[in-house]
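The chain below stands alone and is given in structure tokens; this is the form predicted alone.
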């Protein structure tokens, strides 16, 4: 290319001079891209839109046992649906990829189908308190698409894939809820067995230390106080009884055993009184006569009942039956008091043994309390764990019912797969646009290459510079009538070709890109 090409006019002269070198490659490459769009197979896509719905009952009332975020569950479900077994069943059901199945292995065909399935999650920013309260992206919807050459087939396969996602979600949630409930049931039974074992240990411990348990210490102390008070009271009663015993023994010592001894004593007393009466009265006084009569009667009685040979003092003997009522009365009281003393002494001995027993219980309570507290602490912990497991088990059973009734989180198809109206591949506008750019590049490159190899001199100044001689005269282009006619013909051909090209482009746009009516409607709506 000439080094002195610097102005736009120079470039315009080059374009004018090399127009066919630019146009022909441009048309050739564009035609080639057009042929490519015709040769490439048409790929259609059908898409199903699935909504992730929250559970019907608020989580404050029923907590589901299926935890984890929707993204994680979707990944798990996708792995299950995209398994070789599931996709192999779909391929056989719809007889997909018949040509490839004859050439490739099943695994290779399944890999191709995985590439034809597109999964896209749609997330929005949601304020979730469980994630800290900050807006975080959360998946609420996802789409499933399938690409294929048959519009009807891709629609059917897309619907089947969506139904597989729905079935797998329900199956997975039901299985997880059932497994959680089963696990909690087994754990609850295990904890219940542990609780029963601890209860058995506590029962054996209580049976062994029935009177030494810590909770019985206040009762033992109260009982001990009561026993000591009873002992003091019995000792007081014993002292009183012994005093009575001494009194009765002293009284009994001064009373004769038989009644005659008492009569003689009375006789002496009457005789003494008679002497006193005679000193004051005569023998004819009524009192003296009465006293003599009583003395005579008493002397007669004493003669009839002579005194016993007891040596004087009367004592109570078992073989010697006394007949003195006073003596018998005191002897009976003495015997009763002595029996009472024996009873009190036995009661005091019993209470002393009882007191010693309670002292031993109270002393042993601290040692028993340590082991007892350890058992009770173990039981308290196991009981708390058992209560917690029972609560979780009940919640798991309710959550299982929630999943069984399909009232938990579920997938709902809000936009089923539809019959595609136009292919998504190949991208004809993009290919044609690329063809235009590549053709323009090829044309410019061809023109630049020809211009670079062209050694012609088209400027008088350049000729003067090269020859170092002045240019005497320049001969302009001589346009003849034939040249004018030829230019008119060429202009008409160019206009014809341009109109034909525009018509062809419109037709191609209508059939390959977008309906012209739709395009016009969109343009008018924007305007």
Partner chain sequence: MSQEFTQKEKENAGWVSPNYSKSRTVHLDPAVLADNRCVGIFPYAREAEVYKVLRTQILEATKEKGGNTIMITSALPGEGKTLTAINLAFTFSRLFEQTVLLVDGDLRQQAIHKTLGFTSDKGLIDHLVDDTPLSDLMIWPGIDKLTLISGGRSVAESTELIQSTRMRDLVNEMKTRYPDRYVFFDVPSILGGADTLDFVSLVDHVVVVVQYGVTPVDAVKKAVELIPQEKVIGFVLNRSEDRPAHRD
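As the structure is a computational prediction, the values presented were derived from the model and not from experiment. Residue numbers count along the first chain shown, from 1.
Here the subject shifts to the form predicted in complex with the partner chain, a form of this protein not shown in this document.
Using heavy atoms only and a 4.5 Å cut-off, determine which of 499, 490, 35, 466 is in contact with the partner chain in the model of the complex.
For this set of options, the contacting one is 466.
Could you work out which of 390, 457, 364, 377 is the residue within 4.5 angstroms of the partner chain in the model of the complex, going by heavy atoms?
That would be 457.
Decide whether residue 54 counts as a contact residue for the partner chain in the model of the complex under a heavy atom distance cut-off of 4.5 Å.
Looking in the model of the complex, residue contacts with the partner chain do not include residue 54, since no heavy atom lies within 4.5 Å.
Would you please decide whether residue 478 lies within 4.5 angstroms of the partner chain in the model of the complex, comparing each non-hydrogen atom pair?
Answer yes; at least one heavy atom of residue 478 falls within 4.5 Å of the partner chain in the model of the complex.
Residue 39 versus the partner chain, in the model of the complex: is there a non-hydrogen atom within 4.5 Å?
Outside the cut-off, so no.
Contact with the partner chain in the model of the complex for residue 485, defined as at least one heavy atom pair within 4.5 Å: yes or no?
Residue 485: no contact with the partner chain in the model of the complex.
Going by heavy atoms within 4.5 Å, which of 468-476, 491-499, 43-51, 23-31 lines up against the partner chain in the model of the complex?
Among the listed stretches, the partner-contacting one is 468-476.
Under the 4.5 Å heavy atom criterion, name the residues of 355-369 that approach the partner chain in the model of the complex, in sequence order.
If the 4.5 Å heavy-atom criterion is applied to the partner chain in the model of the complex, 355-369 yields nothing.
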